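In the form predicted on its own, a lone chain appears below as structure tokens.
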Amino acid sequence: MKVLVADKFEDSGLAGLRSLGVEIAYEPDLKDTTLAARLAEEPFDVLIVRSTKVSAEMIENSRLGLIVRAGAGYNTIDVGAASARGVLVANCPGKNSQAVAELAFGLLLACDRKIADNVAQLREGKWNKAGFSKARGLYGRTLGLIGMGNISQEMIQRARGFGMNVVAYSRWMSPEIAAALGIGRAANLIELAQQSDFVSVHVSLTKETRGMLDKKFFDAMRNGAVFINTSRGEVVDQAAMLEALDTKELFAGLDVFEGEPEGGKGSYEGPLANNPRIYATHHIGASTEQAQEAVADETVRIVREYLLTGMVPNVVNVKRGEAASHVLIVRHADRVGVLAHVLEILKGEGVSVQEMENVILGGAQAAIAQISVDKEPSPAATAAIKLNANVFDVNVMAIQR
């Protein structure tokens, strides 16, 4: 197996990949046309990236079977093109949750106490204790969380340490879950904005979340509130946010934003650069040694499973069972050719396999195949499957929705 690592990657991760016996090309400076050319010229099986964009052209002109995003978000990868070419895409969710939560809370504190302005004025030789002694403070204030994944759950713990109240909005969070977490539950984004002194955003970028924080949301925020975004810049209507900074005297702490430069270094001349009501960091939420080591370990685990079993942990472009209507359960001897026999009969009937798992039982003498299919096989098909001497039994079950 040949693996191309086209981004900076931890030494521990490279060592872990080498321990698998795979052939590694570590070329962290590949980008755009150079990456496309590299994928086209050599038959790599696996591509590992962090912030590097993976386009449809790169995928279509490659021999890739798996793309691993060494991080949580995967909006830099054309997942649709990967799916069309039968390329699996996996990520490393939850491995940088603590790092992102630490930065989000750091921005929250920095915005409230104007820490960056304190430092900047002192470096200019100015003393302004009077001007900087008007912070609202965190104790007893309400932190509103948008999204309830791993990072938000880390935020809850930190907010409790500061004596804050927490309210959250998430489409999947029920009142029972909110009660178990010991937090409030907002029915919608507007309600969350109206209740919160501080708002922190922790959602992935999807077609549903793109632009979800719009003018109506910012109009609903309390005057003088603080807005934190360490998720994705595209979930925010930046023009609406900038307007609200002036009209509602909001303050914003942003690790992600519209027009942020790509790569490790560059220049930025956008509207956030000189706005006194914005503290912006350089998309460094996941950039701690602890987080990167954890992501590297998870990346190695994904490649190991793919190499040894063909299965991919954390796969993001497999829609499990969406078209499946029935499950075919085949108990059989663990012998070569049994599953090929089953699949050939299903093919002859025009039955499409959606998913298949073959569990080998202790002693490696027998196995159970569970095959999800898009329609019920006929009695003649199940009878034909049973004709194989290594098939013990066949059952068909309808999937209950």
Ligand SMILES: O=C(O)C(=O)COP(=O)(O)O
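Nothing here was measured: the structure is a model prediction, and the numbers come from that model. Numbering starts at 1 and runs along the sequence shown.
Heads up, the form predicted together with this ligand isn't pictured, but that's what we're talking about next.
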property: Residue stretch of 278 to 286, 214 to 222, 82 to 90, 110 to 118 approaching this ligand in the model of the complex, non-hydrogen atom distance within 4.5 Å; result: 278 to 286
property: Partner contact for Gly73 in the model of the complex: this ligand, 4.5 angstroms, heavy atom; result: yes
property: Proximity of His332 to this ligand in the model of the complex, heavy atoms at 4.5 Å; result: no
property: Any non-hydrogen atom of Asn61 within 4.5 angstroms of this ligand in the model of the complex; result: no
property: Exercise: Asn96 in contact with this ligand in the model of the complex, heavy atom 4.5 Å; result: yes
property: Partner contacts in the model of the complex for 36 to 61 (non-hydrogen atom within 4.5 angstroms of this ligand); result: Arg50, Ser51
